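Given as structure tokens, the chain that follows is alone and in the form predicted alone.
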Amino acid sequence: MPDADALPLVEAQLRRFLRREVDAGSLEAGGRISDAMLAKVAELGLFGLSIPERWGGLELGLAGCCSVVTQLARSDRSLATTVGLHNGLGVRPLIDRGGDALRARWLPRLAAGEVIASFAATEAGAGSDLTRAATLATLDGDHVVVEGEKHFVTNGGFAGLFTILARTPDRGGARGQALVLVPRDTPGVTVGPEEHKLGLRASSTVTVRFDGVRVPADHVLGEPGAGASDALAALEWGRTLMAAGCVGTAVAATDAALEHVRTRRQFGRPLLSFPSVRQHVAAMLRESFAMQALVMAAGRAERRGDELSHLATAAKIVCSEGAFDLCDRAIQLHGGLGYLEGSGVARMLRDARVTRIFEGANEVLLARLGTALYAAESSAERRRLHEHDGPLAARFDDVDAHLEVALIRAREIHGLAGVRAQTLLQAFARADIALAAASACLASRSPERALAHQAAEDQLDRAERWIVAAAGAPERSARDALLVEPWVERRLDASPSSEVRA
């Protein structure tokens, strides 16, 4: 069933369910999503959003899945995380890389919510750098033996199926990796206790051990040794769905702030009548619009079959940082009431914080984007998501050209050494994704044209600031080192352990 047919029905049923049965404060206080609630989510078909119809799913595209996750996150971020992880990282590797027999065995059960999916990549020594993963998947006849331990496994407490990233030195060489499907009830799988977290407290996060776990060789997904690229492909969906959850949080925080400043009176008049308050609200509206525009642009790109990696990463960074900023502004606009749990915005802030870390820490993603940008002859085409017209089109072209000139100049000054200048690369990457966000705003089909243009202006201003910042980044980095290194040495010399060393 196409998105246009299925999505309105799903969203109408979802709104009734969220209104009647989901209370985010109670979920957080309980620290878990009950089996009964998971069963109701399954009845709504939410665990089959991205699974093809032939295996019992709704076969929504990325845009449709993002719309549902956004709506979930407006009510509760833990529930949105559970559903989003399942439909993205949880099932996409099996859909895209699994054999027919494996898909026929598992996808109907996953679509029905009989089994919930998880994805396990992070380890104690391998966080954002997944090339350091130590978990092994060794071929033994017609089976694969898995040994290792995965940390921060979302959905792991109740997942019935894990997709894990493991090293496969006997297939793909010393650096070869693979995604391996491991059923929870396989002997040797041990699921640890739930982690106690700052936010997303009802979402499941555990450590999972694999001790001599034997699965059939056909449980290795994709081509031998290609696990790293297969994981990145799955992350395109995962990061976009996570960004959609950030949009839901941002909209909820903005709505809460608007309601408060409209009804709260100080000094004899509504808070919303004060210019500084209106400035906060206007910034929230513009940022929220840019976040939504980027997620929608990623959804349209997936529908067309276009390259998705850059947009997914840009959406992840912009939306994770934007959601936290909007929650923080919402607390500020609530004043002391925002610091109390009754307002709900404190919980939103806690829930938003981790999104800048998981599915790739933003600083690492920025460095990688910046490296690709620095090495490319030109990357302007990927930032332009649509042919723009109107008063901002010329300005977009000017800022875009300014970034290309700044990159050329940086290459002339730093040469190959520039790929080691992390702060330089991150500044260029931030300018690049701000331009992508501006383009998404200008390409948006929203009838709110004034808001779209103001949101685009904000992003163009941001891009210009980061282009300027890039020019001074190496010098600032050198100054930082001169400040930090002696300070660290002095602290180490003064610490109690230094006496032991002496």
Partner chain sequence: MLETPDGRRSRTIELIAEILEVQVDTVRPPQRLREDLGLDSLQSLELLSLLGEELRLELPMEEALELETVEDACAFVERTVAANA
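Since this is a predicted model, take the numbers as computed values, not measurements. Numbering follows the first chain given and starts at 1.
What follows is about the form predicted together with its partner chain, which we do not show.
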Decide whether T138 counts as a contact residue for its partner chain in the predicted bound form under a heavy atom distance cut-off of 4.5 Å. no
Please run the contact check for A372 against its partner chain in the predicted bound form: heavy atoms, 4.5 angstroms, yes or no? yes
Using heavy atoms and a 4.5 Å limit, would one call G160 a contact residue for its partner chain in the predicted bound form? no
Going by a heavy atom distance of 4.5 Å, is P270 a contact of its partner chain in the predicted bound form? no
Which of 256 to 264, 80 to 88, 243 to 251, 413 to 421 sits within 4.5 Å of its partner chain in the predicted bound form, heavy atom basis: 413 to 421
Only hit among G344, G222, G176, G192 for heavy atom within 4.5 Å of its partner chain in the predicted bound form is G176
Within 4.5 Å of its partner chain in the predicted bound form, heavy atoms considered, which of H386, R304, R132, R409? R132
Within 4.5 Å of its partner chain in the predicted bound form: residues from 144 to 172 (heavy atom criterion): G172
